[in-house]
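Just the one chain here, laid out as structure tokens, in the form predicted on its own.
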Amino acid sequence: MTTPLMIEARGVEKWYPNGFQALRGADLSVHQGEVVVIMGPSGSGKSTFIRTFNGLEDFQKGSIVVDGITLSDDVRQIDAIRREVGMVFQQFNLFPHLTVLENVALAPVLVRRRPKAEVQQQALELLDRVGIQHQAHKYPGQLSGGQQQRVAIARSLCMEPRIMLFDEPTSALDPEMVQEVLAVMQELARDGMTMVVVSHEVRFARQVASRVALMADGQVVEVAPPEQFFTAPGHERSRQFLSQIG
């Protein structure tokens, strides 16, 4: 039995005002509970593509359906999608003047109008889940980069999303901090969270991904299970990319 389709992007094309075409008919389907890792060279459109899924980037052609909602210019539809989709960026984007707990609890109280005490209890549980509950009353500037990124993940989870998007979540981290963030993401995957991850972390993709997608020149040129993608890729661009990162 096929699990429900959570993201379906078809023929997505995007131009910037300067005339540069960033996406050239990009396609991707993501089913409930899947972890899809998007890899590819710099400038291939990976981050642009994933940011179209929740309306952070607009697009001019094609279609995107997220959890049954068709993405359009309608602000209500964009808001509805963003309520279902959490996102973690390269930079942590935490409020420096708020404590860790306040950062995590802020959006559900303001956006979803949930009781503050209830949200703070959930925030503490989520901080425990990502291994930093003991840092709840510190400020972001007192934490390491890996700890700040785990706070950012907890913040997204506090909105109770059905889908999580990760845009190169470890690229701004020192090497020794990368593994602690990937471990949290691995735990989310085990719990069945639907995830799309832009990353160059080959080990994570091999161990955690349901499928790996390669992007090049604004297109998804190959999607395959990790074992096939890393040992017997079917597209020349995939072979070329893997030879460069191997």
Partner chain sequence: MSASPNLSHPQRTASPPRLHRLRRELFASPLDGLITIALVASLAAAATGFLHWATTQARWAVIQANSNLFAIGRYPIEQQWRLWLLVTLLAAATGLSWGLLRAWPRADRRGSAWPPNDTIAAALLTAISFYVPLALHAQAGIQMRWWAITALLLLVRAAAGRWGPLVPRQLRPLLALLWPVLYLIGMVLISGGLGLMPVPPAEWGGLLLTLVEASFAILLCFPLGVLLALGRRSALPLLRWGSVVYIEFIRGAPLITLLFLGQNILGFLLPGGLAPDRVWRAAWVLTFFAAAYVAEAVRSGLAALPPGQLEAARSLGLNLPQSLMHVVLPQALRVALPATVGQFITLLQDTTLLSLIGLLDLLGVARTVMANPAFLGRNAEVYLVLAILFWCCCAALGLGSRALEHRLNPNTVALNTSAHKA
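Everything numeric here is computed off the predicted structure, so don't read it as measured data. Numbering follows the first chain given and starts at 1.
Keep in mind the form predicted in complex with the partner chain is missing from the figure; the text below concerns it.
- Using a 4.5 Å heavy atom cutoff, none of 9, 65 and 69 lies near the partner chain in the predicted bound form.
- Of the candidate stretches 207-215, 54-62, 178-186, 41-49, only 54-62 contains residues with a heavy atom within 4.5 Å of the partner chain in the predicted bound form.
- Taking 124, 172, 143, 106 one by one, only a single residue has any non-hydrogen atom within 4.5 Å of the partner chain in the predicted bound form, and it is 106.
- A residue is said to contact a partner when one of its heavy atoms sits within 4.5 Å of a partner heavy atom; residue 110 meets this definition for the partner chain in the predicted bound form.
- In the predicted bound form, the partner chain lies within 4.5 Å of some heavy atom of residue 155.
- When contacts are judged by a 4.5 Å heavy atom cut-off, residue 115 does not count as touching the partner chain in the predicted bound form.
- Contact check for residue 82: a non-hydrogen atom falls within 4.5 Å of the partner chain in the predicted bound form.
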